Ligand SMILES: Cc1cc2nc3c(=O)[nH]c(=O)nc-3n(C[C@H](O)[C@H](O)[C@H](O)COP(=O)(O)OP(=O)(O)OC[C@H]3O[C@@H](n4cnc5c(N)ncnc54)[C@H](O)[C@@H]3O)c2cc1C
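To begin, one chain is listed below as structure tokens, in the form predicted on its own.
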């Protein structure tokens, strides 16, 4: 095991103290369960001089399901979210996504905020220091080229792999942020920026969150949508601990034989989670092969999987397609 570099740990007990600490130490990193950050530090991927440990702030550790709204604090453990009775009953897509993350010990330590803000990664980034040095550092660390897409002209194509984001996205979630200028709320999909569709949006695999200087995520909130069925599924190489080759969240509503509403979001394929655009056009009729083929077209156009893991990009897109078809069909039949 590599030796950890020196760092200082601060332990605020209020959100104001945490914001003040982050303002005072702009190079600090927030520490929840440490299941991703500590591994990155051990591998030499990053060496923050200060860690701000967030688990002593009680207001970040609550789950509320009042008034048909799910509000989850950023420091809630993944296992707590996965096992919460109201979440299991009324927000199954969220509970299933939380339960699918890594293994049981990781879920006992990992937090909601950590997974929502999970670092992007690729086959050239998620390696030891000596491996990355031997293969020339990539754009996301100290290099000057994205090895995944050498002609990207300075754009990093590291992939977002968090499981909770797509689950919350199909429930029209919002995220609460606190910073030196106070609190603000924005739609969860606006938290993520990237070049997933080359649509002119700012950011990439390095700058994948739209957080302002000193801001921290305090909570994520989603509305309960009556009449909807929802679920989450993913494929990974090693079932116990691996990041998804592709993951998909689906929420839909069926009225008799008619598909009335359809929401789909992906993870593990692009530099940001992908809420699938254009699904409204698939609604209004039966879920037949014509609709599923149109779904295939949407996935093919918007899921831009690169060779960011040990599987090729076209395989990851195909996995995403199969997962979406399978889960939409399953939920429609069960509705």
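Everything numeric in this text was worked out from a predicted model, so none of it was measured. Numbering follows the first chain given and starts at 1.
Just so you know, the form predicted in complex with this ligand exists too; it's not on screen, but the next bit is about it.
Trainee: Have a look at 179 to 187, 258 to 266, 83 to 91, 162 to 170 and name the one stretch with heavy atoms inside 4.5 Å of this ligand in the model of the complex.
Mentor: After filtering at 4.5 Å, what remains is 162 to 170.
Trainee: When the contact criterion is heavy atoms within 4.5 Å, does residue 174 count as touching this ligand in the model of the complex?
Mentor: Taking the distances in the model of the complex, the answer for residue 174 is no, it never comes within 4.5 Å of this ligand.
Trainee: Residue-level contact is defined here as any heavy atom of the residue lying within 4.5 Å of this ligand in the model of the complex; does residue 192 satisfy this criterion?
Mentor: Residue 192: no, not in contact with this ligand in the model of the complex.
Trainee: Using a 4.5 Å heavy atom cut-off, state whether residue 220 contacts this ligand in the model of the complex.
Mentor: No - in the model of the complex, heavy atoms of residue 220 and this ligand never come within 4.5 Å of each other.
Trainee: So in the model of the complex, does any heavy atom of residue 44 sit within 4.5 Å of this ligand?
Mentor: Because no heavy atom of residue 44 falls inside 4.5 Å of this ligand in the model of the complex, the answer is no.
Trainee: With this ligand left out of view, which of 100, 210, 127, 79 would have a heavy atom within 4.5 Å of it in the model of the complex?
Mentor: So the residue touching this ligand in the model of the complex, by this definition, is 100.
Trainee: Pull the contact list for 232 to 250: residues with a heavy atom within 4.5 Å of this ligand in the model of the complex, in sequence order.
Mentor: If the 4.5 Å heavy-atom criterion is applied to this ligand in the model of the complex, 232 to 250 yields 234, 241, 242, 243, 244.
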